[in-house]
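Read the single chain below, which is given as structure tokens and is the form predicted alone.
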């Protein structure tokens, strides 16, 4: 049967090309007009340790992986033992025929075994065992009777730089494995995939979508020290920087990175720092420098479990309260937390506008699951022509010429936003200091000035609150249970809500994207109008629940939390919901 919802899993050791093979197969499925959601699970080591890449494919758009798997591509024996429990009845395992597998136990679980001479085919048809992954992908397409030409198109693209000989050898290997698997096993495997007519779509993850939005919004300087899972933003900018006119600096450490970005922002350049929680911890003091000097800068923080090195390649949402309070003292900041790949792109645009409009640091808070998971998106999701650049109270050279008095960089204004001039004009000469200062930027310890300057800076939050997007409600307006979430938890929870409503249980989902200034009125009203409220988030303390209590006075006691480094799935949420009833 042609299924509407199917999952593949390719597993092996680190260094075996699990991620590249999985990403290639995901592209091949997308080129057949199908929607995909793909996630990777990997150890923080170069060699050894079990890695896997899971691809969910559907005719409709999907927002999450699921725990059910239909076909496993096992590059190691360890993959078989670790993922057998995930296979649905009638599911199958493709593995190298050289590996011995105990069939009795698997037969009892109604699992099909598909031994394929992957290594032998790679050597005979391609001349190198390293092409065994290519053989596995060809075999998978053969078992589900998916058109091989989509696999071939990805092979041509992926190996274009390695020359025609490498391309041809990989095509031979894929073709041989495809024919073998289709001839020997397709008839006994009930799950099938067919291409459909659909417009070409992008296959993109959250980090790349954010980087694209940042580039479109005019980011011209990026500084960073590599730290998973924020590194791919730095890599994307370095890869495309020359063509897009973006300077990317690989710094000696995170402190240097944010200081360079603050310097660029002070000079009028839209600047950004991508990092993770451990790297951001080193930036906390400099964040205060941006707050005191009212310098626009964007920090992209992709969370991973801590403290310290923690689970370096896993996912968590443990940095929310840290982002709100990082650095000593009080100063305005804006915190955005995109929930989908589309919103990552939008955050890339909005963050730079907010940074300049409100002359303050803007933090975009993502996490490993959202950062690295791939989704198919239609091209019209990113309308570059609709991007508007807002530089706020920005003084032009003509404005500076018309000044009758000396320029006050930190002038007291009703909005708290002082007109900003870029150094270089003869009249745009002023002091900048990390100390408290007067309107001209001169250091002063006058108590009255301190109060006025603090009031001025903090008034920006009142203005910024008007620009924040309100929480979004998914599902029926009235429901028996209302879930509240933030960040990547949205995708799995949205699918869980759909499942509940299909079964007759009325549920909805409130998602908070703009975290600070916090939308306390709209969140409080929704909580008051709900019968039963459950927080779902990936941390130990229930940090969003604590933020809601702090800002609205509402206590949400029901919480579904996860902090084992693994992402939520719809099944996990529904099971925890059942356990709590």
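Positions refer to the first chain, counted from 1. Bear in mind the structure is a predicted one, so any value in this text is a computation, not a measurement.
Keep in mind the form predicted together with a further copy of the same chain is missing from the figure; the text below concerns it.
If you check a further copy of the same chain in the predicted bound form, you find no heavy atom from any of 467, 481 and 580 within 4.5 Å. Although the partner is absent here, residue 44 sits close enough that one of its heavy atoms falls within 4.5 Å of a further copy of the same chain in the predicted bound form. The shortest heavy atom separation between residue 521 and a further copy of the same chain in the predicted bound form exceeds 4.5 Å. a further copy of the same chain is not shown here, and in the predicted bound form it never comes within 4.5 Å of any heavy atom of residue 557. Within this chain, residue 101 is remote from the site of a further copy of the same chain in the predicted bound form, having no heavy atom within 4.5 Å. Think of it this way: in the predicted bound form, a further copy of the same chain has a heavy atom of just one of 499, 395, 128, 284 within 4.5 Å, and the residue is 284. Contact annotation: of the candidates 473, 255, 403, 167, the single residue with a non-hydrogen atom within 4.5 angstroms of a further copy of the same chain in the predicted bound form is 255.
Heavy atoms within 4.5 Å of a further copy of the same chain in the predicted bound form map, among the stretches 114 to 122, 270 to 278, 500 to 508, 137 to 145, onto 270 to 278 alone.
Looking at 307 to 325, the residues that come within 4.5 Å of a further copy of the same chain in the predicted bound form, counting any heavy atom, are 307, 308, 309, 310, 311, 313, 314, 316, 318, 319, 321, 322, 325.
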